[in-house]
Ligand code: HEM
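One chain comes next, on its own, written out as structure tokens in the form predicted on its own.
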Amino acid sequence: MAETEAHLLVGVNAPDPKPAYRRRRDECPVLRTGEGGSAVISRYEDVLWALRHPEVFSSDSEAVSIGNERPLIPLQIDPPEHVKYRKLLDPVFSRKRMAILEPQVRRLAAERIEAFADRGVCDFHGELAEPLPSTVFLQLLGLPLERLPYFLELKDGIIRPEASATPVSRETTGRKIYALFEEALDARSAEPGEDLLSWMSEEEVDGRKLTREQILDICYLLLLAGLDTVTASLDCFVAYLAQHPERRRMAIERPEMLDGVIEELLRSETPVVTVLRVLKQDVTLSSVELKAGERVALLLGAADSDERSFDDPERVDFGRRPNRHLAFGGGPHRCLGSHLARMELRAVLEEFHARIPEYELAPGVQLQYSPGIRQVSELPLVWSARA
């Protein structure tokens, strides 16, 4: 990588990456990394255009390999084939269905919070942000909760691999994920339940039942998304609120603002920083020519803080209207689980603040954010224990 390019990468994984994002947008909105014909796109309008045109910026399996043997459904299937899978899955994750699930999520959140509320200290990541969404997801699929540590290990092996990880080790992890769901599907064949796996076993696309491979390819994707992105969002949100007590109090005192709080923190924090695509056609963006076959990273975090599309974007404004952020992506591949994520974020934030309205980071803590999907591995909070 050229030295003139390398300085643009500095700070992207910092606690506040916005200055680095700004340098990207201003100095090199389409940055060629010099590594195997790849580029990074950072301005909002360019990123949005790319997301809306999968015939040019394809999401198929050429864009990224994450240990899977076949394209993940529906992420790595482009239109028009993509449409039939979204038609099948969208109702399962609709706003209406999530409203039915919400009371159960709130009960789970309340139970976990009550377990540490009297202590005056917790690791928000380890005690709430990670186990709560993961538990909800496992219940949806009908997977055993006692195996959560193993599922998280598999997920991390794909999304957050060790520095020493190789493509071979990721493929090994991928085979374990397939084996996990093969075992679960065998169990459903013997004894169907009311869970998502049992439902998929009976559903049809194009007048034919989903094949076992199709179900495995859907489940592989759901495992990675369901055990990571809401956790990362909760970490980012509460880390911000812990360090900005005046903004937190405003959100608590005006509960009608909570939807705006969630949307603005999705924009400002943008936990899923980057999505990957591969070019199917030549295209020119921001006066830079890109060629078919090149791999491209769409920098959602930079797009969501672009002053060309948002007024005063580095200011967190809970009343921002409109708020057309790209935290859930955009276009045909917009996040399947966005309604589930919003419901879980609202439920956890309300239940947590109802019991622990005043808190801060533990003294001396320096938060470390992960690359790719912004998350903190530990988020120690302290507050005055209840009498």
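Just so it is clear, the structure is predicted and the values come from calculations on it, not from any experiment. So that there is no doubt, residue numbering starts at 1 and follows the sequence shown.
What follows is about the form predicted together with protoporphyrin IX containing FE, which we do not show.
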**Prompt:** Could you tell me if F93 has a non-hydrogen atom within 4.5 Å of protoporphyrin IX containing FE in the predicted bound form?
**Reply:** yes
**Request:** Consider P54 of the chain shown here, and say whether it contacts protoporphyrin IX containing FE in the predicted bound form, taking contact as heavy atoms within 4.5 Å.
**Result:** no
**Prompt:** V230 near protoporphyrin IX containing FE in the predicted bound form, any heavy atom under 4.5 Å?
**Reply:** yes
**Message:** Taking protoporphyrin IX containing FE as it sits in the predicted bound form, is A327 in contact with it (heavy atom to heavy atom, 4.5 Å or less)?
**Reply:** yes
**Request:** Using a 4.5 Å heavy atom cut-off, indicate which stretch of 358-366, 40-48, 331-339, 24-32 touches protoporphyrin IX containing FE in the predicted bound form.
**Result:** 331-339
**Fill in**
None of R106, R247, R86, R112 but one has a heavy atom within 4.5 Å of protoporphyrin IX containing FE in the predicted bound form; the exception is R86
**Message:** If the cut-off is 4.5 angstroms on heavy atoms, which of these, H125, R295, H82, K280, is the one near protoporphyrin IX containing FE in the predicted bound form?
**Reply:** H82
**Request:** Could you list which residues of 220-238 come within 4.5 Å of protoporphyrin IX containing FE in the predicted bound form, counting heavy atoms only?
**Result:** L221, L222, A225, G226, T229, V230, S233
